[in-house]
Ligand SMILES: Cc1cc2nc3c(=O)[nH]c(=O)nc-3n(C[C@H](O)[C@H](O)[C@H](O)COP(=O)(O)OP(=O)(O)OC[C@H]3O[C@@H](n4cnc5c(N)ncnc54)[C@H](O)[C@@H]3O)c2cc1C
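One chain is shown next in structure tokens, namely the form predicted on its own.
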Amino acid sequence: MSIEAAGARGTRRVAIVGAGVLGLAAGRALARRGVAVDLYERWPDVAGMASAFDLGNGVWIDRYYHHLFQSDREMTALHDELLPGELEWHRSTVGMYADGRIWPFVSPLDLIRYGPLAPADRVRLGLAVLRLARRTDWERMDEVSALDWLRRACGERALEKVWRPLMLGKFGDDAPAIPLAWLWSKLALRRQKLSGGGAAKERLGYPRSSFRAICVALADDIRRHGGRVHLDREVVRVDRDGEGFALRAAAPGAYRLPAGTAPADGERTARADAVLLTTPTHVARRLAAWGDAYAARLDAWTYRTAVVLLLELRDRFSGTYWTNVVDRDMPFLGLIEHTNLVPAERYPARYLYVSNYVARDDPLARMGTDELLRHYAPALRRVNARFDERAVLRAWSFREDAAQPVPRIGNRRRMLPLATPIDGLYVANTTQIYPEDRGTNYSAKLGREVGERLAGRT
């Protein structure tokens, strides 16, 4: 993205709301340039959507599945600098669940053998994907519906057997409005895989100690450079206070309540000369007294909620790391078998993520772990007839309301600038990562760029 210059007024202390990857990267860039910085995080740990939990005996696993592509240079460089030797590269396998089985979907040969499509449709699909991945005119693609282009380029059968189920699963009723530029950016990341002899040898990166480790390292680096990281400190209001701002925070333990419902604790007000909000737009909307025009821009952004069920299993579920589910009657979008990427012997068991993106008010978003497992079990048996929920050792479920910003045709014109109409108050979040998709790499890149820009104005 192109970041607008911050306001001309110099700053002495910068407060950052949110200690996810973006906030941590911004805080590090500021602290390393001598700016006094405070990070405020609602949860009692750093990392945000890159958070993890201890399975026991110091073995950590991500709440939400992650990996890096070899093109993810920002996060690779951070690991090389802060955690040398921690990031490893593993052979990936990808499949499509369609017509009652998992079809390998990595190499051109896999596409030729993809049974749900007739041979002529497979060739047409492959050529269309190659043509799209080689394009560079993303601004033109931002004006085109992805589904409309795919219908013309790949044909109706490929649209129904591959693309429409994936786009509907990801974006629901908003799928027709998703711009082609969003899909293009995903394919461009895999460009090396789609061409040449390395097509069947994609390697993905994963840190030995989960993605939380790099977030902890970023927080430690901020502290080493004089910054402060305040955990279990939910900021509920940011008000103008003279030449700066007052950040009003809730009492400890507010993370146990729905976000935004805890009252401010009068003993926990902090002050800063400038404030960077790295929260989702609907959270930024309630934190400050915006004018009507800017509030409308915040309100225009919507998100899809991630619902993830993580299963601890005795045995391997499938032979595939990442399985996209394109059968329309299946109740989930993806199966990510973590221990088919990272060596299983590092963990006490096998681990399978069952992934969904839904509207915020979807009933799935309100289901508990046991209810989700019961709901998914018949479909999991369709994928693997030997699956038995009684063989599930442990299960966890996680939800993130603002997991996936919904881009729309002409999205580049909707993107918020860094500077807001309130001088000294800034917003940077995943809606500003485009045409690339949100993720740890681009969150780290945006955070660094924002931190550098703000540091240059102090």
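From 1 onward, residues are counted along the sequence shown. Note that this is a predicted model, so its numbers are computed, not measured.
Although not depicted, the form predicted in complex with the named molecule is the subject of the following passage.
Contact with the named molecule in the model of the complex, defined as a heavy atom within 4.5 Å, holds for exactly one of 279, 210, 339, 93, namely 279.
283 is the sole member of 129, 309, 283, 180 with a non-hydrogen atom lying within 4.5 angstroms of the named molecule in the model of the complex.
Looking at 386-394, 417-425, 62-70, 29-37, the stretch with residues near the named molecule in the model of the complex, meaning non-hydrogen atoms within 4.5 angstroms, turns out to be 62-70. In the model of the complex, at least one heavy atom of residue 439 sits within 4.5 Å of the named molecule. At least one heavy atom of residue 22 is located within 4.5 Å of the named molecule in the model of the complex. A residue is said to contact a partner when one of its heavy atoms sits within 4.5 Å of a partner heavy atom; residue 53 fails this definition for the named molecule in the model of the complex, lying far away. In the model of the complex, residue 406 stays away from the named molecule, with no heavy atom inside 4.5 Å. Shown here without the named molecule, the chain has 233, 234, 235 in 219-251 lying with a heavy atom within 4.5 Å of that partner in the model of the complex.
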